[in-house]
Each structure stands twice: as C-alpha cells, then as structure tokens.
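Below, in structure tokens: the form predicted alone, a single chain.
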C-alpha cells in the first residue's frame, strides 16, 4: 500500500480535503490542520465542491458507486495539479491505494489518470514531515498520550511522522499499551455489517488503552477516535480523544508559537 515519498507529487501549494467526518463531526481537526499547514509554509486552497473519497461504497463492494465518487473527486481536484493533503489516514489510503483497485478493469488511459491522481495524495502528518520537512512541533502539552495507529496508515509514512513530531513537544509522554497497532473494529461499513464483532474489537482496544490511564488518546484518523469514544461513552468510560492536528495546535498555542 505504501507509495514512497519520492514517487509522489510534492510542493508547498496544496489542496486540502476536509473529509466527511471532519465536515460533520470533527471540524476543529480540519481547521487546525489548515492553520498548521499555513504555519509551516504551505499555501492552502480549499475547493468547496469536494465531497467524499468513495470509501463507504468501495468497502461495501459497490465499485460502480465508488468509481462515480472518485471520478467526482478527481474532477474537483483537477482544477490544479497540487498535492492533496488529507487529515485522515483512512481517506488518504482510499485515494492513493484503493482508487487504483476500483479502476483496475478500466482501460489503460483511465488507469494512468487514476495513478497520476493517486500520486498527489498525502496524509497530513506524512506531508508535514516528508514534504515540508518539519522536524519539530515544539510547544508544550503536559500529558500522558496514547497513540492509536490506524490500519489504513500502516505501510505509509504516517505512524513514523506522527510519532516523530509528538516526541518534540515539551511535557508530552507517549504511553505504550498492548495492541497499539491492532484494529479498533470500525472499518467503516464493517461496523454496520458486523456490529457485534466491530463492538467487541472496539471494546478490546478501549480496555487496552484505558488500562494505562492516559490523559489523552490521539490518532491520525477521526473515524477510529469516533468509534472508540462511542464505545467508551456507552460504557461510561472516560475517554478524552483528539485528532493529532488538534494536539499539535494546542501544544504550539501553549508554547506561544501560534
């Protein structure tokens, strides 16, 4: 799944894709991501006619609908050839990896078009480190933080980039827990089709994390945080969770860097 950074489109002029979950639930994650991109030197363009990455349809096996959504996304972001930064490992993986599978039976010209588009996709942390060359977030955030590495970010530059930046924040202590790379059970439509199994996996993840009593749980995927927090809330478990961009922003604000 991993597309080496040297093979992807780089540049400081970027498009920002907010994702459905940021639009509906995690607006601060998108807002803080854009603010940080600008802080570290990127010029950000937000195209208002953007919609979804197509993952719900793709994961349901409805490739025809997935292709229609991907086609729309390609058309929207075809207004320029800038890199596309997404604050979601899941949505990023959908567009730089699964989009190629969705169009694997298309003619050669269409496959090349999709490949070219896929090479423009970057997850937020991956872009900060591997394109903008950010070495340090800095600032202050006194807390024990547990990091959930989502399934879709595996094999990409996201986990290493996220951890690298987190370790530069004064006062932040990363907390290890059992099964840190295990799936939380969300899986998009998997949680709808197989809710019992999804909930059981989520409960195991929440239990493993809360056993270490962290002050905060963070991830590069809002979908995972939504799933885990929903399960925790159902069981009356304290589960403070924030997207990593929110954490970065607060740390820099606490340190007087913003």
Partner chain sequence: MALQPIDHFCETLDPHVKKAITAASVGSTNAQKAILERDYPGDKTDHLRSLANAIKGGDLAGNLEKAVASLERNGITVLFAKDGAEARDIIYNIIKEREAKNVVKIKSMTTEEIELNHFLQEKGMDVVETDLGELIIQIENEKPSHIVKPAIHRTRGDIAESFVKHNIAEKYDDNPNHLTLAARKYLREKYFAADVVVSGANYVLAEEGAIVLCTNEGNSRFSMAGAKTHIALVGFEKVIPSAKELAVFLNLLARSATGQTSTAYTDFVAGPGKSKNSPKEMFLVFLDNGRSDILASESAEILKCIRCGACMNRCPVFRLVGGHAYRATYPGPLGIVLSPLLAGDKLATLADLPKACSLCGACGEVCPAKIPLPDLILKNRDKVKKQHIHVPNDINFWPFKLLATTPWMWKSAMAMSKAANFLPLSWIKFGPAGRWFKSRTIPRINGGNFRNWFKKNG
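Positions refer to the first chain, counted from 1. These numbers were taken from a predicted model, which means no experiment stands behind them.
Same protein, other form: the form predicted together with its partner chain, not shown, and the subject of what follows.
- Its partner chain is not shown here, but in the predicted bound form it comes within 4.5 Å of a heavy atom of residue 57.
- When contacts are judged by a 4.5 Å heavy atom cut-off, residue 50 counts as touching its partner chain in the predicted bound form.
- In the predicted bound form, its partner chain sits within 4.5 Å of a heavy atom belonging to residue 191.
- In the predicted bound form, at least one heavy atom of residue 183 sits within 4.5 Å of a heavy atom of its partner chain.
- Just one of 142, 164, 111, 97 comes within 4.5 Å of its partner chain in the predicted bound form, counting any heavy atom, and that one is 97.
- Of all the residues from 86 to 111, those having a non-hydrogen atom no more than 4.5 Å from its partner chain in the predicted bound form are 97, 101, 104, 105.
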